[in-house]
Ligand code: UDP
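Here we start with a single chain on its own, the form predicted alone, put down as C-alpha cells.
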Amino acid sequence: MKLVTILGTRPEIVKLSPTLPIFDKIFEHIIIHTGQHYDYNMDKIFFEQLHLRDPDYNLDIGSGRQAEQTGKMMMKIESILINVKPDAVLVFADPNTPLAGALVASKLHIPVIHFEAGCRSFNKKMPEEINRILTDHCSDLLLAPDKVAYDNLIREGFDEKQIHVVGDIVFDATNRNKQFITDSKILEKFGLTDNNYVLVTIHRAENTANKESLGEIVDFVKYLSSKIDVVFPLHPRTRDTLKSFGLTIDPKIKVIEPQGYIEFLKLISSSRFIVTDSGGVQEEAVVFNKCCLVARNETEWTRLTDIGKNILATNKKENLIKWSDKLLNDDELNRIKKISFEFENDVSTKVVNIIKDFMENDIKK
C-alpha cells in the first residue's frame, strides 16, 4: 500500500514526527515537502534534530501571497501524484500545504486523509480557518483530535463513519522529543535562568497584518519586559511587518532568531509562562505544565482554555497586561499549574492502525 504524506511547515513536521517513522515501516511511504517554511531554522533543522529521514520531494515553494503559494503547490503536487499513483494522501492541520494537497488529490480521485480534522476557531477572516474547512470537505477519512472537533464535523454534515477521534498527536510528539532537550545550552547562550523569563511568539496574520493589532502587542511586550525578562524568537512574517509598519521592539527585550525545535522546547520548558498566538505552542506547553496567554480572540484548542489551563487573553494590550500581572504572582501561577489535564498517549499507533484499515478496505472496493 502506497501512502503519500504532504507537509510543509514546522508544526506539521513536529506533530507528524512520531508517525512518519511508523509510516515508513508499514507502508510504501513517500514524503512531499512543499517548502512552505523556507527559513533553514524553521525547516531542515527540524528533520535533523528529530531524527527524521529527508523528504522524497522538496518543492521549494517559499513565500508568496495565499493564492500564489497554494497554486504553485498544487501544480507541483499534481505532477508527483500522477507519477506516483498513491493509494491515499495524508495531509495535516491547516496551513496552505494541506489545502493544496487535499484539493489536488481529491480531483485526482485519490482518497484524502485529514489528520487533525474538525478544529474550528469560527473566524473566517483567518486563512487557517478557510484551509481547515475546505480540507475537511475534500477528505475521505477525518482524524479528529477530540470530541469538540468531532461535534464540529457532525454539525457540518459529515457521516460519522468518516470520523475517528484519535486524540491529540502533539502530546505524543512532545513526549517523544523532549528527551532531546537535555543537552541544549540555549539558556546559557542568552543569559536566561529557569522560571525567570517569559517566552513570546507572534506570527499569525490576525496579529501581524494590522498595524494597530501588532502595535498593541509591541506595547504589551515592552510593558512585560519592565517586569521580567522576555525572550522573543522573531518569526520572518513578524519581522517583515514590524519593518513595514515602522514599529520597533524595545531593546530590553531579547529578540532572537527562530530556533531549532529542541532549543525551542527548552525555552518552553524553562519559562515562567508563555504568550503566543500559535496553536501548537498552546498544546506543547501543557506537556511541561506551562500556562499560555493566548494572544488571539479565539482558539481552536478550547478544551485547554475552558478548564483554565491556558488563558484566552485576546490581542488587546490591556487584557494581556491584566493576565500577565496575574501570572507574575506565584499564587495564581501555582493555582493554574495544579489544574489537571489528562492528555492522550500512543496516538500514533491508533492513527496508523486506522489508516491501515481504511486503505485496506478502500483497495478492496
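When you see a residue number, it is the position in the sequence shown, counting from 1. No experiment lies behind these values; they were computed from the predicted model shown.
Below: the form predicted together with this ligand, not depicted.
Not displayed here, this ligand is kept clear of V347 by more than 4.5 Å at the level of heavy atoms in the model of the complex. A residue is said to contact a partner when one of its heavy atoms sits within 4.5 Å of a partner heavy atom; F27 fails this definition for this ligand in the model of the complex, lying far away. Proximity of V281 to this ligand in the model of the complex falls within the 4.5 Å heavy atom cutoff.
Put simply, H203 is close to this ligand in the model of the complex: some heavy atom of it is within 4.5 Å. Shown here without its partner, the chain carries P111, S139 and F358, none of which come within 4.5 Å of this ligand in the model of the complex through any heavy atom. Of the candidate stretches 216-224, 76-84, 146-154, 229-237, only 229-237 has residues whose heavy atoms lie within 4.5 Å of this ligand in the model of the complex. Shown here without this ligand, the chain has P258, Q259, G260, Y261, F264, L265 in 250-266 lying with a heavy atom within 4.5 Å of that partner in the model of the complex.
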